[in-house]
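This document starts with one chain, in the form predicted on its own, laid out as structure tokens.
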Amino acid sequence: MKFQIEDVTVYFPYDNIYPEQYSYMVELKRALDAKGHALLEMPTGTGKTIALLSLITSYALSKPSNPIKLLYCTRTVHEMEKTLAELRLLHQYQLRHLGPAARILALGLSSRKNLCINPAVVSAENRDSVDAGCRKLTASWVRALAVENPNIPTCQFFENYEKAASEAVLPPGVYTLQDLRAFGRDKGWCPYFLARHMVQFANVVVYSYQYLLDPKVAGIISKEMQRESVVVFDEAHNIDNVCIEALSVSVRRQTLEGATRNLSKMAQEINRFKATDAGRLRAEYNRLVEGLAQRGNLPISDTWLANPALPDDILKEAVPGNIRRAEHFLSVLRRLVQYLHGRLETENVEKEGPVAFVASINSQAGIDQKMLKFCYDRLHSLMLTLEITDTDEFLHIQTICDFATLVGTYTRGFSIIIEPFDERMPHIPDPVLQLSCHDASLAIKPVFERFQSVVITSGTLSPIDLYPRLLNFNPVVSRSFTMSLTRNCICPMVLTRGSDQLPVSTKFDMRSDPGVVRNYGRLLLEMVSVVPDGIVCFFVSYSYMDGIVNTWNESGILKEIMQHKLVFIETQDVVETTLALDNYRRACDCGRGAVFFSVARGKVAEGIDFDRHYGRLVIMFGVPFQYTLSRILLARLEYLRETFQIKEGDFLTFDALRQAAQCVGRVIRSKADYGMMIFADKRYSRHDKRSKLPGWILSHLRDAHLNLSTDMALHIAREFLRKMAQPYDKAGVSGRKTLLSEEDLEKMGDGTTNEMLF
């Protein structure tokens, strides 16, 4: 269907549209017109992605003189592929209506691991090894040697791509990662470098958050993006954590030992060069004296990671004199590694700010702040001069230089925390030194400043007013949408006690109480006997899940549960979990029914959908608070309180409830779906906790469904399932439509049927 929103003709590839999709587009257009940032919360399963893509591509088509580019950031490769598939459908629809005028170039960009087609390289087990394998075949000096000696291996795909030069372009269209690989095989060109090159010409680019938020990657991939870009962070409820991870570094003993090995190897290389090609080291020294950065003019195959500090915070000056000579720089790094070794030998937990830490390095190792600040750039320059290709072997020294540059650049918003062991396993010595960032606004600030519109959207952004404070920006549009439904197909319940009237909770003083564990077991047992197909259970942590399943097993509850349904468990091993999920789906498909035990902050809670019969009920056992004794969390809470006046309790509750909402939201993935959600903890009955759930869940949470015991919840579940089994009118009862056609939208334009929306 196609319809007008003010001066923009929107092309939407389906015959009907949900009212909330229409409202979402209107708000999104307001933000684009104002060239400002937006925060939009939209219920899961209501077609958020297609609404975003339709409006932004139609907006670009309606303003051909000033084309805007869409940078769409997703969290996982699976989400990236899903987004590109939706975009392809939309693009075909636009082509049918507009012909060649609607042509766009859209592509997904991912790591070499997902795009490489050279069998010798891509067979490596992890991403760093694939990157290093690629460098060994494509680095400019390797290729220069291969010209003289044909026995030196190079990558034929990269060579063909280079030979094609300006001919190597992607024709207009929408390319998923698989399409890029197929196109590369067909032409004999390297899809990774082709995609990297085409990103600057594409109308739509879909890639991972890190490509914009992590300065090491953003400095290379995203620096050419023009200001007239619209940036969308999808599923962005945890965006503050992603920002913090991008600027945090951990150093362990293994890191320091590896760094020492790296330094010895580099020293050998330097001595070899002195004997055979001293001119090259001298040339590097002269370059550094003149203050010529080595970044701008590198061939694309040599660009490695950019600086870990944010672009505005990097000094545009020459490298300090005392680290210009390669051997002097290595001796500085040796002293730094030695100093960090000494700091890790502590018996007590230590915490200090960057200023005190840098002063201590200066007094004990004689390394000042300016030397620290240039460590990463100096290492990069030296690795190019020494022609090092196996970057994966040098990850340890990279981590140390990464740490040094961040400590030397930032004086606030960071803490250095040294812990001799993990509190949860105090008998195992595992010292770790962490530079942890507390200010999420640091990493995202350049994105807000550089691009005209940034859209942060997800199904769970409640309470929405906390995000502008955490990320330190002013949105022009901030809205939370509800879900328009023809029938009440969501049934949330708050369960506070078992059938024996004992309260249930995962509070620390109650969680191991046998009564609570037994009541949780009885609740699941009652539910498996009445709920068909799949049930998903979320626990607050792996250790709690292990303990509870163990107790259920000993008391025979697990055996009873398994008479009704098969049980599958998420573990910390990705392969095992994937296998468990596959078998869970097979058990649901063949009608046997299954229960999936999962963890609120695990892999399954984030990206896996349990739509239709894969999830008819989700039980959230407890409130998934973070581990509140974590030193890093405590330091962050202190910083939030002092800088943004956010109280500790408010932040912890907000964080736990967005996680809980994310877990229970897995069960509804479309309007034809139905499902129940049980929040099993007495703390959910308190208004301050419950009010932080998203509006679309709260609007279905009736007073009669609060403060339930197990037998009352069972009664409600039976009634609900009976009601859902009845046929219903999908278009909506008269007067309140949940599917709008083109005629409905035209009438709305006249202002006649605005009441049909909500």
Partner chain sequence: MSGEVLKRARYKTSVKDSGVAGVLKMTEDKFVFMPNDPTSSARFDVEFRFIKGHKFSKGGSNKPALLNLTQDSEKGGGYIFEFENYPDREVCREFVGKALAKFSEASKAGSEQSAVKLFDEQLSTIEMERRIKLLREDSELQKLHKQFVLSGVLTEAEFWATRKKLLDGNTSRTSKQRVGFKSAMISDLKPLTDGRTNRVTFNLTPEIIHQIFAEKPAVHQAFLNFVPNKMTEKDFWNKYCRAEYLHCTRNTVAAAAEAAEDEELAVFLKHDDILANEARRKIRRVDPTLDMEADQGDDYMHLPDHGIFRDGSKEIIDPQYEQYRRTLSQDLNRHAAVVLEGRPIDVELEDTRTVAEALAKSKRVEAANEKSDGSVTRERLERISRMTEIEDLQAPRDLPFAALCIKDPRDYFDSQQANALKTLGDTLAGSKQIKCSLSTQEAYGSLRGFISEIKSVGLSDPIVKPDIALKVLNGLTQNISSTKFHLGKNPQESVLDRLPIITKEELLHHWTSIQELLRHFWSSYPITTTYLYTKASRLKDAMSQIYPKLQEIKESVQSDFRHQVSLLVQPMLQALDAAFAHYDADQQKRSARSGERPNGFV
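Superpose the two forms; the largest set of C-alphas matching within 1.5 Å is the rigid core. Positions refer to the first chain, counted from 1. What you see is a predicted model; the values in this text were computed from it and never measured.
The same protein has a further form, the form predicted together with its partner chain, not shown here; the description that follows concerns it.
Student: Pick from Q645, Q156, N553, S512: which residue has any heavy atom within 4.5 angstroms of its partner chain in the predicted bound form?
Tutor: Of the listed residues, the single hit is N553.
Student: To verify the annotation, which of these, K507, K603, R287, R334, has a non-hydrogen atom within 4.5 Å of its partner chain in the predicted bound form?
Tutor: None of the other options qualify; the answer is K603.
Student: Heavy atoms within 4.5 Å of its partner chain in the predicted bound form: which stretch among 358-366, 577-585, 456-464, 471-479?
Tutor: It is the stretch 577-585.
Student: Tell me whether D15, V432 and I608, taken together, all sit within 4.5 Å of its partner chain in the predicted bound form, counting heavy atoms only.
Tutor: Yes, the whole candidate spot contacts its partner chain.
Student: Would L739 sit within 4.5 Å of its partner chain in the predicted bound form, counting heavy atoms only?
Tutor: Residue-level check for L739: yes, a contact with its partner chain.
Student: Would L382 show up as a contact with its partner chain in the predicted bound form if we use heavy atoms at 4.5 Å?
Tutor: Although its partner chain is absent here, L382 would stay clear of it in the predicted bound form, with no heavy atoms inside 4.5 Å.
Student: Flag A246 as yes or no: does it have a non-hydrogen atom within 4.5 angstroms of any non-hydrogen atom of its partner chain in the predicted bound form?
Tutor: Because a heavy atom of A246 falls inside 4.5 Å of its partner chain in the predicted bound form, the answer is yes.
Student: Spell out, yes or no, whether the shortest heavy atom distance between L706 and its partner chain in the predicted bound form is within 4.5 Å.
Tutor: L706: no contact with its partner chain in the predicted bound form.
Student: In the predicted bound form, which residues of 36-52 put a heavy atom within 4.5 Å of its partner chain?
Tutor: Heavy-atom contacts within 4.5 Å come from G47, I50.
Student: Once you line up the core, how about Q338: does its CA shift reach 2 Å between the shown form and the other one?
Tutor: Where the cores coincide, Q338 shows only a C-alpha shift between the shown form and the other one that is less than 2 Å.
Student: Answer yes if the Cα of P171 shifts by 2 angstroms or more between the shown form and the other one on a rigid-core superposition, and no otherwise.
Tutor: After core superposition, the displacement of the P171 C-alpha between the shown form and the other one stays below 2 Å, so no.
Student: My question is whether C190 is one of the residues whose C-alpha shifts by 2 Å or more between the shown form and the other one, given a fit on the rigid core.
Tutor: No, shifts by less than 2 Å.
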